[in-house]
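In the form predicted alone, a lone chain appears below as structure tokens.
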């Protein structure tokens, strides 16, 4: 999704670039990526001399590379790509590669403001992260589940702290995995570590852990909850960072626990993807109240309408409203405050609230074309597939980026005063 910051919100349509013809000296162009403000379009260009570069609004980066992939704009508008030169990989930002290179790199992570970029790296058959061109001082035999703190200054990953041979079952069951923050592992090992999450202030870290082959719990800053469970799901900090909630399996069902204690009273067939409202006053989760039927629960009260699938839930900025994508009988729609849109589609992408909470928009697919739906109605774009969108800060306009053949188009439309 695009972000609506420092953007030209003049209503109208303009063509940003045309990718229909690769151009002289170019074999092909890959899929386009729009900048957050919709004013720039980038794509990998395979050149005729068997090198690659990135083309931005028709202009190539000054440097060509052996390989280029995963072109992405950061939230602050910088253009990044994973590049290979002389057999080594690194990250290039606005055409300038980092000084440090690695055997392989993947999964770039951006801070919310885009000021910091983290990268998963492999060097010397060992693994870790690099942040803003500075790799971890210590790399590990295994590092996964990488995460970047909200302020972008800290990184964490589940790491293997002890060597493990193929037949060392007892050693594995004793625990050889931990979580490392900025390359410093927790003091305790576990059988497994998954799904790391930083607190909103970036000071604390929580993770799913397996303390024994059949016992799981949540660990916070290396200290596990006192109680273990058959299974647990991803932990989440409260907005104030003082508590952690996680779904846990207990007594054959799933409940929501808080700091190791039962928090919601109801037990569900399944419960996951819990989230706090921005002000921390409400908690919602995707739940399965009976087998095969899914809905949302808010503060332990399930919505009445159920579906075959519910996913991609989100609170409105003020926490007063909640939306999710939902499917029934192979058709998708958007579920808002317990009520489904009156129209269904072949596919629905994650719904997004306008900043004022009055509108809900989502990319949808119908007749094989990707459109933009607002409050249950498809906006009347004349042509093209919509690639992304953003609301204006006042919620009065919506910006969409579209691909029509090879034409990359930016549109701004004014919204009505409805409530979806």
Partner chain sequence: MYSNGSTMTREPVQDDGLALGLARLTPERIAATTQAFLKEETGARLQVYLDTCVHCGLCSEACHYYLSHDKDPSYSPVGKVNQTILQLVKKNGRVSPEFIGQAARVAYTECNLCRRCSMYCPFGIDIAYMVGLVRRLCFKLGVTPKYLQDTVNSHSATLNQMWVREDEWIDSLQWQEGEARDEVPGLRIPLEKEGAEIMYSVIGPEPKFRTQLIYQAAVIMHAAGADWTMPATPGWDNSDMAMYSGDYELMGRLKRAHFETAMRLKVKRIVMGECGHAFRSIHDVGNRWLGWRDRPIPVIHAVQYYHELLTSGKIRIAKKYDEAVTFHDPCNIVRGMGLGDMGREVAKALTPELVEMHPNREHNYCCCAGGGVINCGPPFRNTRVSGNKIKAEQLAATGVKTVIAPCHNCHGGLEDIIHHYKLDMKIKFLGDLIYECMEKPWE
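On a predicted model such as this, the values are computed, not experimentally measured, just so you know. Positions refer to the first chain, counted from 1.
This next part talks about the form predicted in complex with the partner chain, which is not shown.
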{"item": "is_contact(residue 78, the partner chain) in the model of the complex, heavy atom dist at most 4.5 Å", "value": "no"}
{"item": "Any non-hydrogen atom of residue 60 within 4.5 angstroms of the partner chain in the model of the complex", "value": "no"}
{"item": "Residue 350: touches the partner chain in the model of the complex, heavy atom cutoff 4.5 angstroms", "value": "yes"}
{"item": "The partner chain contact in the model of the complex: residue 301, any heavy atom under 4.5 Å", "value": "no"}
{"item": "169, 115, 203, 320 - the one with a heavy atom within 4.5 Å of the partner chain in the model of the complex", "value": "169"}
{"item": "Of 237, 73, 177, 341, the one that lies within 4.5 Å of the partner chain in the model of the complex (heavy atoms)", "value": "177"}
{"item": "Which of 257-265, 205-213, 129-137, 238-246 lines the interface with the partner chain in the model of the complex (heavy atom within 4.5 Å)", "value": "205-213"}
{"item": "The partner chain in the model of the complex - contacting residues of 255-291, heavy atom within 4.5 Å", "value": "269, 270, 272, 273, 288, 291"}
